[in-house]
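In the form predicted alone, a lone chain appears below as structure tokens.
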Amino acid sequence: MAAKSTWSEQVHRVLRTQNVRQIGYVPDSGLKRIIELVRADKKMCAVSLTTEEEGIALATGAWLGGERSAVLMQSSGVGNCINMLGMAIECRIPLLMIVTMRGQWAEFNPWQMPMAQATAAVLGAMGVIVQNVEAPDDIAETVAAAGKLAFNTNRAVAVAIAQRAIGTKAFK
């Protein structure tokens, strides 16, 4: 019997199925496995970003060049994107964001708390459709639905993956 694939492997397959070719990301341990899969995929271009707002610019360039993209980030980086999101919303650029949450379940770092409380509200205020995921088994299906929504309607859609679904970071 084959081992059940991880949510990262499932999401990677979803992105391939939806012809997502460019993946912008800020390195994050919660996204580590999916980043590794994208980097190893010869049909995808993985782009390491210095700040999350660069991901919005990458998605814009990809769309203008006829390709699909996704941006991977942690919730603490959402605040860095606000100004750039205005352009994506106003220009109806299809934008798929996968956001791993911090500052929730069993968080050890109090600095993560404010953005965790504000992420969905901030994205919603900018016009981004937010789809929350609480369980690992629901992540790939939610990303697939969010991708269809973003790419079929030229909307910005964020999948916010709860900290409980990905596990908490442990620093020693």
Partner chain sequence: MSARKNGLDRRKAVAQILARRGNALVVTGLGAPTWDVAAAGDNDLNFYTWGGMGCAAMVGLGLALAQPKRRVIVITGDGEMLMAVGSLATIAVKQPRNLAIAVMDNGHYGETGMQATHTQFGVDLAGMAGAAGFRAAATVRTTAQLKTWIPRLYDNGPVFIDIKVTAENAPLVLPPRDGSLLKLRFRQALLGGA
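This one's a predicted model, so the numbers in the text were calculated from it and none came from an experiment. Residue numbers count along the first chain shown, from 1.
This protein has a second form, the form predicted together with the partner chain, left out of what is shown; the following refers to that one.
Within 4.5 Å of the partner chain in the predicted bound form, a heavy atom is found for none of 19, 27 and 41. Partner contact region in the predicted bound form: 51-59, out of 125-133, 51-59, 140-148, 29-37, criterion any non-hydrogen atom within 4.5 Å of the partner chain. Within this chain, residue 114 is remote from the site of the partner chain in the predicted bound form, having no heavy atom within 4.5 Å. Shown alone here, residue 121 lies farther than 4.5 Å from the partner chain in the predicted bound form, counting heavy atoms only. Heavy atoms of residue 110 never reach within 4.5 Å of the partner chain in the predicted bound form, leaving it off the interface. Interface residue remark: residue 64 is counted as part of the site for the partner chain in the predicted bound form, having a heavy atom within 4.5 Å. For the partner-free chain shown, 63, 64, 65, 66, 67, 83, 84, 87, 90, 91, 92, 93 of 63-96 come within 4.5 angstroms of the partner chain in the predicted bound form, judged by any non-hydrogen atom.
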